[in-house]
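Okay, so here's just one chain, in structure tokens, the form predicted alone.
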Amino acid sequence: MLRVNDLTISFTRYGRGVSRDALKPVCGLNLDVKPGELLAVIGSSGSGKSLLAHAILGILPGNCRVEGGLLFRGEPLTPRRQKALRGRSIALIPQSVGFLNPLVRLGGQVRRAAALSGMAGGQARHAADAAFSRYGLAPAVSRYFPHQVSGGMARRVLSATATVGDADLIIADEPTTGLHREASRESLGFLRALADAGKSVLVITHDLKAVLPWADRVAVFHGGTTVELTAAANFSNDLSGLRHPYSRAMWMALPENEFAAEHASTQGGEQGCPFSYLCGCSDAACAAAPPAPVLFEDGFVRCHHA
């Protein structure tokens, strides 16, 4: 459904006077999402997760340059095609509730999303009502403006807006933020149901523990690239299935794993592996050059020592 090949995102910024330089928060990023799959994208803040979502949809700012391949159903995602597919075949559950229009009632926003996917007036209203019910929102909420609901309720409205249509690819950017545990499980469970119905679901999240029971595979981001793509089942107390030290460190840092952490190394380098400065296995090769992807049956890893 979606393939990302060596994606690089750079921003032009101005320094003193008329000097300019380029900032590359994403470099050489790879992943793919299959029909019927829920792919979890995890990583620390600033690792490029939300930038990936915005690049797929073509909503990055004007001072941004995107290089590499973005393919949707085997065809390049050109700016013109992104505009045609956005909100129809590709839907986003954004991270910020600021994506809601403050001047439009919530029900109207969900109905508009349904209409964009091709539904007529009565059908759009019925679909919007069903979406509100699916996310535990009372009918009265449809008459509210965004400032009249809590942050958690606003996030559920965003989820309803993105999933009310018939999009083939749903990108959920931190869909469980602000939700209590039961609502979080229900939200992820519905995304899992969409995948089981043949849709492709990409879930961007910090909450590794919450998303693992629902995910098929996990893409681990660090330093603006994919350091590992692996089966979700490999995240377990038996770490033999995890091939990158950062993936193992994320798992061991969970509270139930006693917040264990990797020991820092003094052999890091900005030109090499993005994790080399924190990895206890780092050596001169790690600091000198970024590792190429090593392919495995369930994905790949970028590590000189895999």
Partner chain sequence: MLSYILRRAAHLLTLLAAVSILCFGLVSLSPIDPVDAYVGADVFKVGPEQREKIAQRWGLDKPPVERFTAWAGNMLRGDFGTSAIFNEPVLDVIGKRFMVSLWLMSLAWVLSGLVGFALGVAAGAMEGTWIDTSIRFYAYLLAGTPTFWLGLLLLIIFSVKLQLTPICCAAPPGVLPGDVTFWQAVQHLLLPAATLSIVGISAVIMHTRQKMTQVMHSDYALFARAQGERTPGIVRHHAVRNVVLPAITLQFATLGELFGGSILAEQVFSYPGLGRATVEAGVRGDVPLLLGIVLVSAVFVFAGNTVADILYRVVDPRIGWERAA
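Numbering follows the first chain given and starts at 1. So that the term is clear: the rigid core is the largest set of C-alpha atoms that superpose within 1.5 Å between two forms. Bear in mind that the values here come from a model prediction, so they are computed numbers and not experimental data.
Below, we refer to the form predicted in complex with the partner chain, which is not included among the displayed structures.
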Heavy atoms within 4.5 Å of the partner chain in the predicted complex: which of the stretches 235-243, 249-257, 34-42, 52-60 has them? 52-60
Exactly one of 190, 145, 72, 214 has a non-hydrogen atom within 4.5 Å of the partner chain in the predicted complex; which residue is it? 145
Out of 134, 112, 185, 206, which one falls within 4.5 Å of the partner chain in the predicted complex, going by heavy atoms? 112
Can any non-hydrogen atom of residue 102 be found within 4.5 angstroms of the partner chain in the predicted complex? yes
Should residue 83 be counted as a contact of the partner chain in the predicted complex, where contact means heavy atoms within 4.5 Å? yes
4.5 angstroms heavy atom contact with the partner chain in the predicted complex for residue 116: yes
Flag residue 87 as yes or no: does it have a non-hydrogen atom within 4.5 angstroms of any non-hydrogen atom of the partner chain in the predicted complex? yes
Once you overlay the rigid core, does the Cα of residue 236 travel 2 Å or further between this form and the one not shown? no
Rigid core fitted, then: does residue 148 show a CA shift of 2 angstroms or greater between this form and the one not shown? yes
